[in-house]
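Both blocks below hold the same protein chain, though in two forms, and each is given as structure tokens: structure 1 and structure 2.
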Structure 1
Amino acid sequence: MQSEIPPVLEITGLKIGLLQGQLVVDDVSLSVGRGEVVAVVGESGSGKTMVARSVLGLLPPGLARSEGIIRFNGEAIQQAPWKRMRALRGGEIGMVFQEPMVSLNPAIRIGKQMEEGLAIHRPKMGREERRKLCADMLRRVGIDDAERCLMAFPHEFSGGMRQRMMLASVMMLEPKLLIADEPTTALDSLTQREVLDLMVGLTREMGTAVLLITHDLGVVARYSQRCVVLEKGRLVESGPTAQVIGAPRELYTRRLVEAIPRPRPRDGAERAGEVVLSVEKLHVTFRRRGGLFQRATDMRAVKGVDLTVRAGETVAVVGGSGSGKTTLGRAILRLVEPSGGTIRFKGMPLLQAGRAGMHSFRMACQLISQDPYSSLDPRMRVGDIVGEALRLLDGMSASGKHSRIEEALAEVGLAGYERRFPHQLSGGQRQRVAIARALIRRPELVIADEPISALDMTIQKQILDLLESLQRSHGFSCLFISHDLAAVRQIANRVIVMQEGRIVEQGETEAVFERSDHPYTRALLEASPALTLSRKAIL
């Protein structure tokens, strides 16, 4: 009788704790077979990244494995000597991280960075042979101009291109196990699908096992065969993906599934208000500096865009990375200068407005940024951050301002957080602070630029529900910029689809989602895993 082939990765009874003794991962066991994709899912802080990092011995300072066995191809590696771990890292076990710009050295050309792994794990390979292998691998991941890319620096490429390069660097060494830690979190749905299809295709071709760390259940449903659900460091459920997501046994798993955004019926009367924002034939052009032997060139980021937003209405702007949607939002706020067209706020032409007019507009229009950690001053307390918007509000006493701050924080579920600093809050709590700061002056228009892209699905649901609740209470209009189509379908009255700086389609949300006319819109819809999952009759 033939012996059973051991899994590529087997983790048994893993415990990871702080040096003070508190456990962040408590008794987790899982396995990944050859050619299999196993997903580890859970909210932020569930311990999924710590489980992945423990395989390669890359736990951050202050954390250590206290118990458990980690086997790679039957070999226990949890206490492997340094030389053995050096051979495993990259050579037999590859890892793709969440943000490639953090993994890539901005001061070193792509080719040299790709060659580093070959130089360590294939020392007998000559430089020309390494160079050729790097170029060939870049072509395999869909980068045509490979020779030019090898000579370029990371900042010269989009997030999707950088993630392709990271994947090429890792898969070039043909690892037996690939650990992918949130590899597409910050990417739009089209780029996300391209990168994940590429990753799964390469690993299937090479027979590589994949441990996929993610909070996106749509990605889990589309790409994994089995999944493991973690909550606060504990394994709460595991099994075939279709079973775990389709018929979850545990309350926590059901809560994750219920967090998938769903469309909500909307009444046309919601958009009966006056026009708050009107944009006509808006153009934005950036001047690209020329390099050595190169001329400076113009890059048109927004090309003749028309849109309107009515009182109390939410209009979503969607599109892939580089489509111009964020530039459009910044141009409306006059954070970048348009090169043509008109912008009117309640009939006032903003491009011709003087200092007093722009001051009035900026008091009535607020921005919610994508990353609240970088937009909140780390040296200021939450109460001061939220109350900063009241400094220019005349006629309000100090006690009145304090009461307004308490009210704003209570509205976003952060009552009593006035004395805390941003670093003492979770990502979702920081985003709530950003929302409170934006709404404390009772603005008439809010521009929300990717406000949920960096959050896990349960926190995304909380933020979306919060925005809808506050909009009903205060009646502000919202321009919602996002690449998350499932979230857009839940929150928006109308949708505008942008491609390469132009609007290619717009209309009522359900009309666009159900009866789209444009091939680019259909491609975006088909590429959205959460949207696909929300349509299935498994919920």
Structure 2
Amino acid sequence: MQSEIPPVLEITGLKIGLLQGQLVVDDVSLSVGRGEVVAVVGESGSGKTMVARSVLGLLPPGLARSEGIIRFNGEAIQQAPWKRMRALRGGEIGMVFQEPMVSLNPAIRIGKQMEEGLAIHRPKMGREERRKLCADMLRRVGIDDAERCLMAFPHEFSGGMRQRMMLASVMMLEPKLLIADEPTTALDSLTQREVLDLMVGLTREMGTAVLLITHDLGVVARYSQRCVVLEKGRLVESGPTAQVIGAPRELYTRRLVEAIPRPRPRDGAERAGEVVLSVEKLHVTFRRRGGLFQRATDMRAVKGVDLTVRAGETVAVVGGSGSGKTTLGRAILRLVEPSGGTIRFKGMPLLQAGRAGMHSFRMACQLISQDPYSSLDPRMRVGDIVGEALRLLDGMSASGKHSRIEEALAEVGLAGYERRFPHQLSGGQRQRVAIARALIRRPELVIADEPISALDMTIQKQILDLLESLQRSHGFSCLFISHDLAAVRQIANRVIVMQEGRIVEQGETEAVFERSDHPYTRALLEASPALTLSRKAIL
């Protein structure tokens, strides 16, 4: 079809290896046509970022392209001379990176950083003109106060704002191709939606083709026309997005698609047991200590929250970043002191509880936290980490403890891992250890704070399924704090939506997902690509 005009980017037989010879990208080919958005999908270790970086010769030290041809508009550029490569970088091919917090230079003003690209690629342009163009471009990405922004340093802005600035500075040069490497992974779902819409809008206006690197099938489905699936450096499947996601041919792709959480029919009678946890008018205030010239200010993170959790049910708390949902969970666990309200655990008022009361609460309420890399003591073995929970249980023999540890690890699929250290485990395995530790004392309530958001997609699915099956067999209640609406829809009986420290809506999961008319809830729902995708897949 495009026999006369060559594609904007064409990669054939690309191999990238470590210097010792091990391949991280093995024989990958793909092409991006004019004005097209092509997604490269894969989990961590798939080599997708390396493919993106190799186009501009930006592989990290220790990695090198060993074979393969990279053509840009028909011109082979994999061994382009230094000068040509510098002209391509930025001028013809723009690149946006994953972490907006670290991809702008903290020591240089935004304006200077934006102008730098113009100075290189439009040397004839005058200073005034450059400045005007920068300001115009900032306005185009939705930054109204452009003049002030040009004079500011990056640390003065949030991640979403910085990513807009990145986009502005890259698109200002009107490149023929934009390589976006996980451009919104570090942002919350509402911001992610805005930035991606902006990116696709701008590239469409300028006729720029996009190579979009992502791990999120929802993003792929929403924004790309074609996609390429990578696994462990190898190309698994490629083709039109609708076809690859709608009717995957390969096993791995099918697993990826299946990993998208789906709502499942609830087992008829909702378990409505006794109230395990009840929270009334809970307030949490962080006091920011005043400096010499600043009065102490109060930051109210949670403002008068009421909720109940009944035996055996899962209640999800959802909201964007800064909604106070994490603080709520920590306040219930008494890791931060609430400034007002009551928390009752099985009728016992927690805030007035003495030593014995707190002890029994600790025995019965556990936490699974977000980051499995930081939640396990790196100097302890898995068996000791899980077994530490048994230390405070009375009347347990050493052999009894040991068999209990074995049992707990077997339940999470880690039989025989007692002697390992956390750093010898993958992220998913670590989260399993954290789950075993939380559940070994058979708690009545588990607070799970973003338990899957740091994990790869297929692993997310496994952990979610594991939590569900463990809940079925042990019958604990769960307060599931998450920004991932698709996961919430799969696991929760009821949903609480928080915005700026307040509950704006709550109800049965299906009712909220299907019939909510609260504007904030609707915005959250629409911003979740996986959710729209799972809905489509069902219809």
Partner chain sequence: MSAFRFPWRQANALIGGVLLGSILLAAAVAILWTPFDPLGINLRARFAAPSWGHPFGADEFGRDVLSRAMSGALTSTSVALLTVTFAVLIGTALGLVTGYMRGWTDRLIMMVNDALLAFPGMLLALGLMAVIGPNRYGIVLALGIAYTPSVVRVVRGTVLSIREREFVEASRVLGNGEVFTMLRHVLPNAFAPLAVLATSMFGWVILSESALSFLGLGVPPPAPTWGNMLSAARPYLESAPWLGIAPGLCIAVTLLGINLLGDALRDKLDPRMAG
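For clarity, every value in this text was computed on a predicted model and none was experimentally measured. Numbering for residues begins at 1 and runs along the sequence of structure 1.
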- With both forms of the chain shown on their own, indicate which is the form predicted alone. 1
- Task: Would you pick which one of 146, 515, 249, 466 lies where the chain hinges as its rigid parts rotate between structure 1 and structure 2?
- Result: 249
- Query: Which angle, in whole degrees, describes how far the smaller rigid part rotates between structure 1 and structure 2?
  - Reply: 14
